[in-house]
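Here's a solo chain for you in structure tokens, the form predicted alone.
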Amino acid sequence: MLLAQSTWPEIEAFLTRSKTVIIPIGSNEQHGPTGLLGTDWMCPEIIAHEAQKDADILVGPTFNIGMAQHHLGFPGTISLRPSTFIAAIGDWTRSLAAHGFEKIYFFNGHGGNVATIEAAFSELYAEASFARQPRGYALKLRNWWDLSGINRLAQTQFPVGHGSHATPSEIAVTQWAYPHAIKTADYSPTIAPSGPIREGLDFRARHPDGRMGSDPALATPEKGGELVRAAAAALITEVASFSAEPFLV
């Protein structure tokens, strides 16, 4: 079930069955010469939308702008400051909790978001801790590639040239979902170098075409479909477990 394509009475009815909601979250940033700018929000959205076809789960609107300041040296990247990102996650969470959602699962597609999302969770929990009151809801963060079996599958599909940014696994997922948008390019070296992540100009100087340790030409829609199907099944299982976790206060 997709929240954005539902009416308020339908969401009210869903809350009588479940108080869990999945929020795909990612970033709009460069992904090398062939990766779509939306890759990091598209991947969790694609997987979550596929999962809801087979389970009674609710998927919220995709939070598609994240913390990507280190990619601002490349045209098309849009980034929030960490403080803005924390504030926005807080307001999304408070809005959903006010309607009665008790388990809010942030399904992430951008590694650069992790520290800031966890900081946002800490801020929200601190509000309750200082007030000495139960928070009333639980938050969970999961990167799509960390779902059970997914990293192992990606490493099997791409034993060399997977890397850490503009990876063939994430490119393959978008190729499966958007075959009309598959891009090709000539780039050298075949496997990009790796290095640290700092500010935008430093990143572009170290990684001129945007890739980090990867060869995205290895991606295929078929491999993307394998990843999506496996990730959707793993997501359904994990969300069910999260939903079943009891509150102790």
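One-based numbering along the sequence shown. Please read these numbers as outputs of a predicted model, since none were measured by experiment.
The same protein also has a form predicted in complex with another copy of the chain, omitted here; what follows describes it.
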Answer for residue 249 alone: is it within 4.5 Å of another copy of the chain in the model of the complex, judged on heavy atom distances? yes
is_contact(residue 189, another copy of the chain) in the model of the complex, heavy atom dist at most 4.5 Å: no
When the contact criterion is heavy atoms within 4.5 Å, does residue 161 count as touching another copy of the chain in the model of the complex? no
Another copy of the chain contact at residue 224 in the model of the complex, heavy atom, 4.5 Å: no
Using a 4.5 Å cut-off on heavy atoms, what residues in 165-183 are near another copy of the chain in the model of the complex? 178, 180, 181, 183
